[in-house]
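The chain that follows stands alone, in the form predicted on its own, written as structure tokens.
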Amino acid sequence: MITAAPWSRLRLRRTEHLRDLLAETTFGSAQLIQPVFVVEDLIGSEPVPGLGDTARHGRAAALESMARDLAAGVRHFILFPVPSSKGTRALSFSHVASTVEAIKREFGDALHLWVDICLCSSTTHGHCAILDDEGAIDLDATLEALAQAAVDAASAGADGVSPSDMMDGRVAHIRAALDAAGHRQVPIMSYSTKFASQFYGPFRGAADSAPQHGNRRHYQIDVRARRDAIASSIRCADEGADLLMVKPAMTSLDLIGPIGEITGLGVGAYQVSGEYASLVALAEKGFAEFDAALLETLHVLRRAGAAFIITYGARRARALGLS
């Protein structure tokens, strides 16, 4: 078992939100995280096709939606900021910082705000990295950009950061940058085992992050590679991640328990957009009852050992009987 780095346990004991998120003897809405898409310069909201009541929001509409979610019992959110302008090497994260500031100014400690850290929504090509002139990953430049995005989010008030890019070494780079900027208390929830999957389609539309050429198979994990999947999470733990995550959830059921046992860290599961959309589609066709199907999948993920679950259905938790 990997020994936790200094500060790691203290970071996860720091707030009631984090303690509730990682409680091992209960399962309720405190263990569910609601994604929220905030689109720069968007006025109002627009639905995300296939994802039921999930929408892309402008900033004011996002605050209204989050207020309703808080009233329904949601306490953890993960922010996906979608900037209006994109670049290739010189990327701006001002939309990230200003959105985090607005959310925390409105709600303070009533919620725990994670921020997804990636470059795919900010780059013209839609890949999760900065590319060189030949189209290959410029790892050094990418790590610097990811670290800057994480520091900007933390400086604006983010309660935690969640790198999803799958670049080698990014957790260590982000941890060092956060600590150097005085954010030693901010935890890292790493997308530590993230497969190259067919189940991300609705999300890529919502985040405006579809790759404009090629695919992501040269940095996301092959679904056939169990050893690589486990080793990837071990590397993130070694680099200082506080929490780990598998994605997609239902295609990673065999990995949650082993990763947790090896690393000793809380391992969550992301019920990704394609998985959630399949439940919506089944219900629309009359082949399943949506709430019952969603509740079934959440309990299966918890049974498999998921410490927490990111799901577009977190706001339905109370209606599903999860208090």
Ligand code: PBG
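In case it trips you up, residue 1 is the first one in the sequence shown, and so on. Because the structure is predicted, anything quoted here is derived from the model rather than measured.
From this point on, the text means the form predicted together with the named molecule, which you will not see here.
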property: Contact check for W114, H173 and S192 against the named molecule in the model of the complex, heavy atom at 4.5 Å; result: no
property: Partner proximity in the model of the complex: Q220 to the named molecule, non-hydrogen atom cutoff 4.5 Å; result: yes
property: In the model of the complex, L131 touching the named molecule (heavy atom, 4.5 Å); result: no
property: 4.5 Å heavy atom contact, F203 to the named molecule in the model of the complex; result: yes
property: Q31 within 4.5 Å of the named molecule in the model of the complex, heavy atoms; result: no
property: C120, I234, L91, A102 - the one with a heavy atom within 4.5 Å of the named molecule in the model of the complex; result: C120
property: Listed residue (R75, R216, H95, H183) with a non-hydrogen atom within 4.5 angstroms of the named molecule in the model of the complex; result: R216
property: Residue stretch of 38-46, 266-274, 54-62, 290-298 approaching the named molecule in the model of the complex, non-hydrogen atom distance within 4.5 Å; result: 266-274
property: In the model of the complex, residues of 66-98 near the named molecule [heavy atom within 4.5 Å]; result: F80
